[in-house]
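Alright, here's a single protein chain in two forms, structure 1 and structure 2, each given by itself as structure tokens.
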Structure 1
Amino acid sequence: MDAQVADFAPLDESADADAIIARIDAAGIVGMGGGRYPSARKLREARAADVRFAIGNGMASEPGASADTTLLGQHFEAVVAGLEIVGRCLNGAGLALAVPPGSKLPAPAIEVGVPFAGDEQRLAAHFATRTAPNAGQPSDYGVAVFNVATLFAIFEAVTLGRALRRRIVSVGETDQWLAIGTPLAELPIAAAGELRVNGPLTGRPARANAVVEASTFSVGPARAPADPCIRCGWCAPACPESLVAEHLHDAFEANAEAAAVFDCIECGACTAVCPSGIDLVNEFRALKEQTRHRAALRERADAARARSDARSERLARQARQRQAQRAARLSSNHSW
């Protein structure tokens, strides 16, 4: 890491928020906890929303994904410095670094025991109101959440002038620094067969020719084939949004629609408890796309029908006008 060359002149402590955010943008930094949302845009939106509290997310909630924990062990001071840079951009916002119980890290680290607190919505609600969210965004709570790898990248971009070129990734049972763009097929773990990125609960099957991306924090083996749903009902009490995952699974299986799926925050709680090993989160992602696609088709069909009805009405009106004009001509007295 230390041999990486600088791409920009480092910014000193006198740099204002606009200069810092522009540097983060130029460095190509995005949400590195899997979200991929541009960090510069998130900061601009947080400033516009007058967010006053920033959280570093080091919860590492995916089983087997320890890259964030290793990063904190190797570069804790740099991560905290990145969080402080975010605070400077947010007009001196309050700062906290959320870590799992037993981490034993100094302030501003705060150990958080909320299940699935790796989900930034739940984490924001925990710090802001101590109540569960209702599919809201962190800014709804006056909070901005940044993954610890994102904070480290912000530190490097602002303080050391380095663009985002590599990141730490859990590859199987080890954590290693990999260049962004490294083909997954080149990793030794690829010899074992199909791969999955970003964990067994909320991750996704790796695409053909997939590479390490800025948002790739874990690469592991694919999930085992699932068994059929046994209607055990374990998924319902596990869901923090009180959804019945079994019904959403049925909608997915039937290639149907389900408006309720948009309340799913993709935390992976249902997947974690499913005794059949069904990849429910990815099913619900597909169900969301399926529902959006059908809604878009209906919208286009409705628009086309409205255009057709308007044309038919216009043609009928013109025909009535021509008929009225002809009748008027026939009934009029002509002088020959």
Structure 2
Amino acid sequence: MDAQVADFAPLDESADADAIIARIDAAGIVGMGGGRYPSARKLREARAADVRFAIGNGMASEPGASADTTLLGQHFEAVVAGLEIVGRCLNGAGLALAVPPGSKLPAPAIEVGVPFAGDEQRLAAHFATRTAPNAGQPSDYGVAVFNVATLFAIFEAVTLGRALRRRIVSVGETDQWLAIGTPLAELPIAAAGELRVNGPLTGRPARANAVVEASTFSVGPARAPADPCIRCGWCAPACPESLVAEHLHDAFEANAEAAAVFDCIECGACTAVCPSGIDLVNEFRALKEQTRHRAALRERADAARARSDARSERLARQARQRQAQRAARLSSNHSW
């Protein structure tokens, strides 16, 4: 991997935030923990929001997705350097690197023992020592979260002048450096059947012709077919947003709408406890989409009704006016 040539001139300590962010933009870096959000945009927004705390996310909370942990083992200093570059862009924000309990890494690593803290919102909320407000973004409470692979890519782009071309991916039981754009079908694991990207809980079934993307941190086998919901109720206490996943699951099955689903942060805690193996997070993603779509259709219909009524009124008014004019003409004819 060190054979990669430089794409840009390396930036040194004197580079200001604008130059660093422009470089991160040019290197094509996006949220590599699955989020895919352009890192340059995130940094600009964090600057505008006067974020005072940046967290490296090395929690690796998807079962079987050890790529981030392996990356920390291989390139801990580079990840920390990436975090420091982020700190320079955020006017010397406080820095921390969140890692799972038992990682035994030196500062700024902090072991976080909260379940599902790999979820960006939950992690930010943990550091802001408050619960995540519904649908709130980490920047709303002064925290910016960057995945460790993103931080490594930032270090490479800024300090070594490298564009983002490859990343570490958990493939089955191993962690490998793969070129971005590698077709998943070319991986040996593809021979075993359908694949799933980014973990059994919050990941998604791999699409046809899927490739390794910048945000692909794990490739594994598809989930086993789900059993019907047995109404065990385990999902309810598992949810950090106090949702009853069972009810959302019912709404999904009934092809209905559910406004409450927008409080779901897609953390996968319910999926983790569901004994029927239901892919709840993906159901809720579809339910969000469906609910949004139906609301948009209603809005469209309401607007169309108003416009149609207005048109009918106008046509009636015009007809009345024509009639009145004709009547006026007729009576003036008579007076001649």
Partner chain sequence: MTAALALGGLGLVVALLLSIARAVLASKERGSEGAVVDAVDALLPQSQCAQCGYPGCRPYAQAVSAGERLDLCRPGGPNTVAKLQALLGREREPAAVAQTPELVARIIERQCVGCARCIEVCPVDAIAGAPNYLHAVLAEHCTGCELCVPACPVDCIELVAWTPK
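All residue numbers here follow the sequence of structure 1, with the first residue given the number 1. A quick note: this is a predicted structure, and the numbers were derived from the prediction, not measured. The term rigid core refers to the most C-alpha atoms you can superpose between the two forms while keeping them within 1.5 Å.
Asker: Of these two forms of the chain, identify the one that is the form predicted alone.
Answerer: The form predicted alone is shown as structure 1.
Asker: For S14, state whether the C-alpha moves by 2 Å or more between structure 1 and structure 2 after rigid core superposition.
Answerer: No; S14 is a residue whose C-alpha shifts by less than 2 Å between structure 1 and structure 2 when the cores are overlaid.
Asker: In Å, how large is the CA movement of S312 between structure 1 and structure 2 relative to the superposed rigid core?
Answerer: Here S312 registers a C-alpha shift of 2.4 Å.
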